[in-house]
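Below, in structure tokens: the form predicted alone, a single chain.
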């Protein structure tokens, strides 16, 4: 790989490129799906290729190919420089990048068992066993389950002098039970959270153990009361907060959105540069970390696609907006000395763009309540688990979220089940209404596996962890 990478960089330099990098990549994907008592999908794919970025007089060029040969690499390097030269003719603002150290390194996801070495039949049998358990519950008419795995191998080199090899393993599994009544149907889901880890994650997750409970709760939702309309306190589980964090904080603090350079998939951001250090994004108990180093995090890598070493930093500190997700180019635009390492491409054929890292809510301190204490201290509220429908406006200000399962809280007791619950708020109002976060022993990693951004669209994946947290006086039940 090193010889091919050096060939690309030398070719780009000889054609006048001020900077160049290359990613040589191989991706293995496996996806297994079951419905009731049958396997409905079994897919494995492999793709490999390379992408070359070049910078000429402050303008980018990019070219890629699936033919990993010396001839094709030289050809793609020429094309990339030609594109950069053409772009430079009409470029208004020249691209400048902050410096990055030279790295010679190898990094890989820590794991015990390579999921691609586990027999297919073992995986199929587990999925069918999960479905079998759910189908034992009267009222369940449909069950689905899945497993998905990715192996990402990447060799990065740049004219800075870095040569970096990385191996990332991704593992995910989950299932859904659908209950059907006379005039209604309801579903309930469970998952082993998507993590960067080996097959041991599947073996340790209580998948079969929770199948019957999940199915019973799907049936219970059929007769549950409709969500009351009004103002309620919310106690949100980590599985629900993960998407709320993703949409209202993670995307809102990607610097390309903040600067107006990215507006696809729900727009730009209200959290603009002049508000850093001034915007009270949340209450003082809200501390949001961005972290590409967290163990098993879905966005955890050793280095980003600028060759920047991963790190972690606060986005929100005691409720105050203090930072963004950046790359080498946009860090320079706001006068920062270094990138946060957030440039990432989902394929060898894609050009890297800013993608949020793992973004999570820090747990409360030593006096933080337990979930039981939090509920006991809530007189009129709703407890929510899991993800449901959602929407958010073009500046990440106003949003609406649902969930997967809901229970009413009355006078400190979790009581009857509810259904079709939604909550609506403004991002700043919502996070400022957070008055309590449970302790670290209740913190859970949850995640997103299909984060879309860019044109052409790219997919990214992140972990958004949290402990259960309470939000005061939030509008619920206004959308069905």
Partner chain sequence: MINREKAKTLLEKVISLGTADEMSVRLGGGEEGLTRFANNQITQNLAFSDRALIVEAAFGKKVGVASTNMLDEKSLKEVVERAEIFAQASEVNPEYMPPLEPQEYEKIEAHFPATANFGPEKRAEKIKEVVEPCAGQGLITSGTFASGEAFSAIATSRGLFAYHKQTSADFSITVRTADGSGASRASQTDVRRIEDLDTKALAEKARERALASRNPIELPPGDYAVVLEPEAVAELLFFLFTSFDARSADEGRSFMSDRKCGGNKLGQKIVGENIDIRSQPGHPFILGRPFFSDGLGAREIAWIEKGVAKNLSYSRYWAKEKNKRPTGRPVSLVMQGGKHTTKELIKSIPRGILVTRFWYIRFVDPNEILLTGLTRDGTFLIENGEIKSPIKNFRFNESPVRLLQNVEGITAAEKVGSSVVPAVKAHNFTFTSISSAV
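Remember, it's a predicted structure, so these values are computed and weren't measured experimentally. Positions refer to the first chain, counted from 1.
If you look for the form predicted together with its partner chain, you will not find it shown, but the lines that follow are about it.
Undergrad: Do residue 447 and its partner chain share at least one heavy atom pair within 4.5 Å in the predicted bound form?
TA: No, no contact at 4.5 Å.
Undergrad: Using a 4.5 Å heavy atom cut-off, state whether residue 366 contacts its partner chain in the predicted bound form.
TA: Looking in the predicted bound form, residue contacts with its partner chain do not include residue 366, since no heavy atom lies within 4.5 Å.
Undergrad: With the partner left out here, check for me: in the predicted bound form, does some heavy atom of residue 117 sit within 4.5 Å of its partner chain?
TA: Heavy-atom contact with its partner chain at 4.5 Å: absent for residue 117.
Undergrad: Does residue 108 reach its partner chain in the predicted bound form, with heavy atoms at most 4.5 Å apart?
TA: Residue 108 lies outside the contact set for its partner chain.
Undergrad: To verify the annotation, which of these, 225, 276, 263, 167, has a non-hydrogen atom within 4.5 Å of its partner chain in the predicted bound form?
TA: Comparing distances to its partner chain in the predicted bound form, the residue within 4.5 Å is 263.
Undergrad: Which residue, 181, 230, 161, 295, is the contact with its partner chain in the predicted bound form, using a 4.5 Å heavy atom cutoff?
TA: By the 4.5 Å criterion, the partner-contacting residue is 181.
Undergrad: Can you say which of 377-385, 96-104, 346-354, 284-292 gets within 4.5 Å of its partner chain in the predicted bound form, counting heavy atoms only?
TA: That would be 346-354.
Undergrad: Heavy atom within 4.5 Å of its partner chain in the predicted bound form: which residues of 439-467 meet that condition, in order?
TA: If the 4.5 Å heavy-atom criterion is applied to its partner chain in the predicted bound form, 439-467 yields 454, 455, 456.
Undergrad: Which is it in the predicted bound form for the CA atoms of residue 345 and residue 266, closer or farther than here, knowing they shift by 3 Å or more?
TA: Closer, not farther.
Undergrad: How does the C-alpha distance between residue 328 and residue 266 change in the predicted bound form compared with the present structure, closer or farther, given a change of 3 angstroms or more?
TA: Nearer in the predicted bound form, by 3 Å or more.
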